[in-house]
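The data below hold one chain only, encoded as structure tokens and taken in the form predicted alone.
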């Protein structure tokens, strides 16, 4: 049986790059999230991420279950901490914030979550998560108590990405943050693409299909959008992103 990670690799191989829609249960009612999920699948999105930095939403497991029942594309957890785990997802990004030096974000939350993931037989996808300076303090930066990589320091970003790859991580995730003033720079993406062989996810501050296309041309394997859809979902919006991302 093919794993969710293998499905992602196949998407990358067949389409050149993949498009992932992020749902934060704190941002809108579940009915709105189901609407976004169905539209995302219909208009060409390749997967759904579910998660957030805070999660005031109290029925996370039910939220994931209903989203999973609404679509056939992979539903993958994008956890802000060890409490954001659900048996109803296809997989979970088993993330370590390798750009920071906070031991809880590097390994503490992972130790708490690992036994639960094992018990639920949930597929973990080892992911090196890297915060990148975006022009303002983001929720991910504040909640993780870590400093982002400076925007102009591509060499530092490359070194962190290589460290994640050599530690055996299957994905590298470059994150500018939810509602970022500026997205991850193309120059940083290109530098990591040049030296690392691990698929690269890029998210945060990507406000237009044209911007998404530039990130793919720079070397991104997957593009993630969230706020841009939550703040103005309309027919064809997701399709425009999917068309720009799929090469």
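Positions refer to the first chain, counted from 1. From a predicted model like this one, the values you see are computed outputs, not experimental measurements.
The same protein has a further form, the form predicted in complex with ligand 1GP, not shown here; the description that follows concerns it.
Although the partner is absent here, residue 179 sits close enough that one of its heavy atoms falls within 4.5 Å of ligand 1GP in the predicted bound form. In the predicted bound form, ligand 1GP lies farther than 4.5 Å from every heavy atom of residue 17. Taking the partner from the other structure, ligand 1GP in the predicted bound form has no heavy atom within 4.5 Å of any heavy atom of residue 11.
Using a 4.5 angstroms limit between non-hydrogen atoms, residue 237 is distant from ligand 1GP in the predicted bound form. Heavy atoms within 4.5 Å of ligand 1GP in the predicted bound form are found in one stretch of 65 to 73, 39 to 47, 213 to 221, 199 to 207, which is 199 to 207. The partner is not shown here, and in the predicted bound form the stretch 131 to 149 never reaches within 4.5 angstroms of ligand 1GP through any heavy atom.
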